[in-house]
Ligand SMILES: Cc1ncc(COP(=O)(O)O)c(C=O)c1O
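Okay, so here's just one chain, in structure tokens, the form predicted on its own.
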């Protein structure tokens, strides 16, 4: 019999994955070109040429033991961590060294590593709805308690007054995700400064350390010249989790890193513990070939214009049908208001037109649906007549 803790997790298995599997089923019946699957944030833009070139160069030139063996440190190759730190310093005027970097199995692996490092049973982790639903499981993995701040459905910037009230003596961490999944909103510098001030205030009030964990897989996917603040510059106790899944279109390769600055409380201990957590969680070390590859591709970029065209076409097309949503500033998601209170009912109605959407309740924000527009442009264009038919049921 499976563990008690797993029973609920199995019963409430990811709605996103379930919808993706439904898309495959419908495609086998109606043909892939006639199914409009907006469920999964799986990048459709090919990885930059530099990535393929790096793979070939490394496989041809490096010794197999170096390419495929264990790393000397569970934190990753020294030269890779040094290269990552140097790149961050050049881009954000920081002063990291290789010691501040822990290579991880994607951002998800990194979040689990840092939560394993800092969370005791019963510690609280604050999140801002809507948020990536897997945060619930990541916090639960270490017997932490997830505390939700309700969504601000006007701007989807965090509700900071409620945030202040939700912080207690038990608050150990706050997770922010900007650009945000599922809304595509970028938290403004003003928001970040106010958030940092609240955290400083609460640390003094309770005499505790509160870690701000910035989950940043979409940092490079921004539009219209929007700037994404680098949070270590605003709050000393900030830890950054990053992934190359979206920025280099490598979601299946599972490569990312944590940044643990020297300014973080007990930084030496936290850095050492994160390296150990990387090992004992079963990751051992981040994939060695992928570490070598990304070290050669730190300046490579995904073609964001591809996503931007999809964003504009889908946003304008849905507005013309009568749907409403906030225009995303980053990532590759639209968060659309459901025309009926029960967004799951709306998702079922959309399936009649082979349109697959993810209900907002998966992100703690019922009444909305998420569309991932990291699909082919043809899928966007061909879906709009179907959305028009769907809209006629409601408007």
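Every value quoted in this text rests on a predicted model; they were computed, and no experiment measured them. Positions refer to the first chain, counted from 1.
Absent from the display: the form predicted together with this ligand. The rest refers to it.
Note on the interface: of 244 to 252, 93 to 101, 229 to 237, 72 to 80, the segment with non-hydrogen atoms within 4.5 angstroms of this ligand in the predicted complex is 244 to 252.
In the predicted complex, at least one heavy atom of residue 108 sits within 4.5 Å of this ligand. Contact between residue 218 and this ligand in the predicted complex is found at the 4.5 Å heavy atom cutoff. In the predicted complex, residue 177 approaches this ligand with a heavy atom inside 4.5 Å.
For residue 307, no non-hydrogen atom is located within 4.5 Å of this ligand in the predicted complex, even though that partner is not displayed.
Using a 4.5 Å heavy atom cutoff, 132, 135 and 181 all lie near this ligand in the predicted complex.
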